[in-house]
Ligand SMILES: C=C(O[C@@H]1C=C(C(=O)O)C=C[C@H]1O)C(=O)O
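This document starts with one chain, in the form predicted alone, laid out as structure tokens.
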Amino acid sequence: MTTTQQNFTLTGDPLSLDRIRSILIRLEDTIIFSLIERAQFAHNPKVYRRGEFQELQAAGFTGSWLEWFLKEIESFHAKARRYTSPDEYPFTNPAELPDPILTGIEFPQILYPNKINVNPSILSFYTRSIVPRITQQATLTLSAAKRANGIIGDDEYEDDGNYGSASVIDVEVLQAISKRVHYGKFVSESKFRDHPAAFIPHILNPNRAALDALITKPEVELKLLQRLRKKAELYALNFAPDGQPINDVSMRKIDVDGVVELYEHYIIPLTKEVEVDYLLARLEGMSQEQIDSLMTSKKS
């Protein structure tokens, strides 16, 4: 597991926007490097289709190879109480995961109680759109090698048989994207506590557009994408034996545009959906007296 971690038991405000920003920037590195590793293998669409592996069906599992892989890994992680942390969300139905073996850590109350989990959307988009895009070069290289061995037509594309290796990296990418997207809850909670009166009217009279406007900072998003592109361009470089970078687009380890578009068209919009969904649930179960108190408070 190589995903970015935050130690909630240390002193310091976990809702500090500077601390949140540092986590999100570190997650950029995790996501880019994991995508680079996944790009080394072909698409292998069989991994993502349900019912493709008779071995799984014989064992009573009806999902895809990747879904099985996720369940097995997340079952182990659940025993180690991973999903008791406020920034961790499983792709497997929590009801199907075992209880932790270890006694739980007493985390501070950071987020307002909620059941928001968009991992099904992340899994669908990743397998349908991201994997085919980032593995295109490996898939083309595979097809050339197969043609050289007399394999032509549909059989020359997509599948290099590395189902286990590809799925190990898939899990790392998915876990990192999930953490990044669900960190939108921390952003929303931080902003809500700073100025609850700005949000409460749009929560009581649900107005997604108004809430989205309150949390959206176009200049911040632009800087994020600029930074991400620079990182992806640097990390995608190969180097000569003498250490000099090989600045040849055809030799890059990953499609840089694909990484930027992943953030621009999917991760950022979905994160903002999570932020708004969290805000809309922020007053659930609260009395009118509690809400009135928030409205008059400077910082909650």
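A residue's number is simply how far along the shown sequence it sits, counting from 1. Just so it is clear, the model here is predicted, and its values are computed rather than measured.
Only in words, not in the display: the form predicted in complex with the named molecule, which the text now covers.
No atom of the named molecule, overlaid from where it sits in the model of the complex, falls within 2.4 angstroms of a backbone or C-beta atom of the displayed form, which makes the pocket open.
The named molecule is not drawn, but in the model of the complex it has no heavy atom within 4.5 Å of residue 88. A residue is said to contact a partner when one of its heavy atoms sits within 4.5 Å of a partner heavy atom; residue 56 fails this definition for the named molecule in the model of the complex, lying far away.
Although the partner is absent here, residue 64 sits far enough away that none of its heavy atoms falls within 4.5 Å of the named molecule in the model of the complex. Using a 4.5 Å cutoff between non-hydrogen atoms, residue 194 does not count as a contact of the named molecule in the model of the complex. Of the residues given (138, 224, 123, 169), 224 alone sits with a heavy atom within 4.5 Å of the named molecule in the model of the complex. Checked against the named molecule in the model of the complex, the candidates 215, 111, 151, 116 yield a single residue with a heavy atom inside 4.5 Å, and that residue is 215. Shown alone, this chain has one stretch from 76-84, 97-105, 127-135, 180-188 that lies within 4.5 Å of the named molecule in the model of the complex by heavy atoms: 180-188. Within 4.5 Å of the named molecule in the model of the complex, a heavy atom is found for not a single one of 207, 274 and 277.
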